[in-house]
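Below you'll find only one chain, the form predicted alone, shown as structure tokens.
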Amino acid sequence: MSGYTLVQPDCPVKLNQNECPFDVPGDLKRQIMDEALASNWGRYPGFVPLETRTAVGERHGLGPEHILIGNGSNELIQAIFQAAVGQGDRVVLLAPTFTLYALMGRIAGADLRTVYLKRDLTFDVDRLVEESAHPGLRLVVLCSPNNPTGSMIQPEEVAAVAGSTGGLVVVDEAYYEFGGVSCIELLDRHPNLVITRTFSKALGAAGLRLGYLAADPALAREIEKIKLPYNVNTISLIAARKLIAQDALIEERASLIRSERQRVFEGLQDLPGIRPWPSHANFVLFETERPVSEIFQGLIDRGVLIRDVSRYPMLERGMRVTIGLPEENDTFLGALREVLADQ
């Protein structure tokens, strides 16, 4: 099997991993480090990080028993696969979507069933409900907003999927803050639903490797059996409590990224041979009439790194650009303009 890989040449403008262009503010870093310095690093963190789970749960009107904290949301997605899926179990995934899900499914020996997005890259809800209703289904994974397309599924559509199956339905909301539509309010009606979130995007803490899931308490307890003990370090647990409370900062930054996303989308629309797709995330997928490899290398030669997604199903001409700072976005658009003009 092939692993999860990433082409990572050194470029001054890095717009390939959907990171937040803003760092954690210096004063907030100092608060985190002051508390971390006062703690005993010779001891394990609490076996149950109750204070952090409580802080995260309060943001969503949930108790700590609904929440699990992970070393990135990917670790929790891995735990869900390990808890729910065995050899030959049926798993439904979108295509195209985040490739880690299929990797986890193959490791588990799952019977992977693919539901392709529609031609306009929206979710095919009827097909999802049909596939999810199979009596042998164990898991459905939905990324919303979806990576790498930026398309989104609505809560009532997720409810239809969750209501059609006895298996688990995971909604990966890594990019929630840029789309503003969440399925967390469905948890009280659908005990087979799991929501995952990350600190790596809008919260600007990709380097700390933090994520969490919200689920029915009984389901959270089952997933917790698989999760490694002491999986998140003391400093990151402190950071999670501090960061999750920064509502105004998170919204201010997400608002700027949404505004820049629209500006980049419109800039791409003006370029010949380029077709951008509407996005609810912090990136824009676009297709090019020129070979993707030429565009990709031409941008690298000009110091700009984006993501080649042309190997994804349905995206043979696809590239994905993360929304960065305004000046980074200007550099990207200018560099792309130059590449396209270079016949």
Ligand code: PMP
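Throughout, we count residues from 1 along the sequence that is shown. It should be emphasised that the depicted structure is a prediction, and the values quoted were computed from it without experimental measurement.
Quick note: we don't show the form predicted in complex with the named molecule, though the next part is all about it.
Among residues of the shown chain, R113 is not one whose heavy atoms approach the named molecule to within 4.5 Å in the model of the complex.
Looking at G72, you'd find a heavy atom of it within 4.5 angstroms of the named molecule in the model of the complex. Contact between K242 and the named molecule in the model of the complex is not found at the 4.5 Å heavy atom cutoff. Taking the partner from the other structure, the named molecule in the model of the complex has no heavy atom within 4.5 Å of any heavy atom of V140. No residue of the trio K14, R261 and W277 has any heavy atom within 4.5 Å of the named molecule in the model of the complex. Out of the listed residues S236, T165, S200, S151, S200 is the one that sits within 4.5 Å of the named molecule in the model of the complex by at least one heavy atom. Among H134, H190, R127, R209, the residue placing a heavy atom within 4.5 Å of the named molecule in the model of the complex is R209. Annotated contact segment (heavy atom within 4.5 Å of the named molecule in the model of the complex): 141-149, selected among 269-277, 141-149, 102-110, 83-91. Residues of 163-186 lying near the named molecule in the model of the complex, listed in sequence order, are D172, A174, Y175, the criterion being any heavy atom within 4.5 Å.
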